[in-house]
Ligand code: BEZ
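Read the single chain below, which is given as C-alpha cells and is the form predicted on its own.
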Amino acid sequence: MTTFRRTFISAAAVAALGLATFGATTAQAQAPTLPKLKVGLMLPYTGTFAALGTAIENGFRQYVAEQGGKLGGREIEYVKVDDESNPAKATDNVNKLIKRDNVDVLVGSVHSGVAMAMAKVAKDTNTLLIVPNAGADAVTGAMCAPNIFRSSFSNWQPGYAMGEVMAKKGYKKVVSITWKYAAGDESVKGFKESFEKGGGTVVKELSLPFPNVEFQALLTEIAAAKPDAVFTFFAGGGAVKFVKDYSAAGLKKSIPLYGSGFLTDGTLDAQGADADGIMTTLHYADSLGTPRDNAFRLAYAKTYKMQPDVYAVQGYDAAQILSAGLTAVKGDTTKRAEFTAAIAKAKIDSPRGAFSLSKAHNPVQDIYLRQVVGKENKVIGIASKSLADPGIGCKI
C-alpha cells in the first residue's frame, strides 16, 4: 500500500509537472515577439561635421551595447543617412527614413538648419525625434512638440553662461564672431543677453556664411577694434582653423579668446598649442572625474580606441532618453502618450551629471567653465547651475 501510494504521488507529480511545462511552453509560444526597433540615424558622415556625427553614433551604440543590444526589450536596427550638413536636402532625407525605411525613431542632427527641417517633418508626421546635438532654439521653443526631445543643449545655454562669466571678469567691450546660421546667431544672442545684463557691450558682431573658413578679413577687423576680449562660436573643422588663424594673426597674445565649448571640443588634437588657455562654457568637460563619467570614458576608449567628447555623451544620452520611454511601455511604441510622458519626467543619469528635461523637452543642466590645458578641457568651475532654456514660444 505504501509502495502504491508513493508510486501514485510520483506519477501525479510528473503529470502535473508535464502540464505546467506544457502550459509555460504554450504561453511562451503565444507571447508576441516584438520586432526590431528601427532607429534612423540622420547625421553628418562627410564634411565639416563628419567627426561629430561619428561620435554621436558611437555614443548611442555604446549605451545600447551596455543594455545587451536591447532597449525596452526591443532589439535595435540602425538605418543611416548622411545628411551632409545640408538643410536643402534635409526634408527629402528625413522623408526617406520615415516613408521608405519605416523607421520608428529619428535621431539627428548636428547642423541646426538640418534639425529644424527634421523637427518640422517629425511634428507633421508625429514621428519620435531625439536631437543629439543641434541647438536651434526653436526646436524646443516655437516648434516644440510632445514627440520631440533633445539630449544636448539649446544654443542659448552655453552662450548665456559665458556672458555671465565674462561680465563677472570685468570685460566691457567685446567683439563676437561666428558663422551666419542658427547656431551661431543664437549662441551670440544668448551671450549678448547676459553680458549686457552684466554691464558689458558687444561692440561688433562679425559673421561669415557656413561653412566658410576664410577668416583673415574678420581677424583684421578684430585687431582694429581692439576689444577687451572676443566671444566666438565655431565647431568641427571650422573651429580648428579659426583657433589656429587667431593665434597666427598674433591676436591670442593681446585679446583673450572665449567661446561656446564646441570651439575646443573634439578639436584639441588638431588645434595643438594654439588652443592653450582658451576658456569655454559647455555642459560637459574632459575632467569631471565622477565615477559615472570615469566608467563611461573607460568603456568608450576600450571600444573605439579614442577618448569621448561632448558629442559622444549626447549620443549616449539620446539612447538613454529613448530607453526611458521604451522601458515604461515595455517596448510598445503604440502607447505614445505613456511613452512620451515617461521620457518627459525621466531623470537621465548622464556622464555629464544627472539632468532632467524642461517642459519644452530641453535638458536642464549645469554649464561648466572649462580651460584648455594641454589636450584637455579642464573644469575650473560651474558657470551656471541647472540652467534651463526659456523655451520661448513653446506651447506643449
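Since the structure is predicted, the reported quantities are computational estimates derived from the model, not experimental observations. All residue numbers refer to positions in the sequence shown, first residue = 1.
Only in words, not in the display: the form predicted together with benzoic acid (BEZ), which the text now covers.
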**OP:** Work out which of the listed stretches, 295 to 303, 201 to 209, 108 to 116, 220 to 228, brings a heavy atom within 4.5 angstroms of benzoic acid (BEZ) in the predicted bound form.
**Re:** 108 to 116
**OP:** Tell me, out of 262, 284, 316, 195, which residue has a non-hydrogen atom within 4.5 angstroms of benzoic acid (BEZ) in the predicted bound form.
**Re:** 262
Original post:
Only one of 160, 153, 242, 149 has a non-hydrogen atom within 4.5 angstroms of benzoic acid (BEZ) in the predicted bound form; which is it?
Top reply: 153
Original post:
Can any non-hydrogen atom of residue 325 be found within 4.5 angstroms of benzoic acid (BEZ) in the predicted bound form?
Top reply: no
Original post:
Does any heavy atom of residue 133 come within 4.5 Å of a heavy atom of benzoic acid (BEZ) in the predicted bound form?
Top reply: yes
Original post:
Counting only non-hydrogen atoms and a 4.5 angstroms cut-off, does residue 233 reach benzoic acid (BEZ) in the predicted bound form?
Top reply: yes
Original post:
Looking in the predicted bound form, any heavy atom of residue 183 within 4.5 Å of benzoic acid (BEZ)?
Top reply: yes
**OP:** Verify the flagged residues 49, 52 and 311 against benzoic acid (BEZ) in the predicted bound form: is each one within 4.5 Å by a non-hydrogen atom?
**Re:** yes
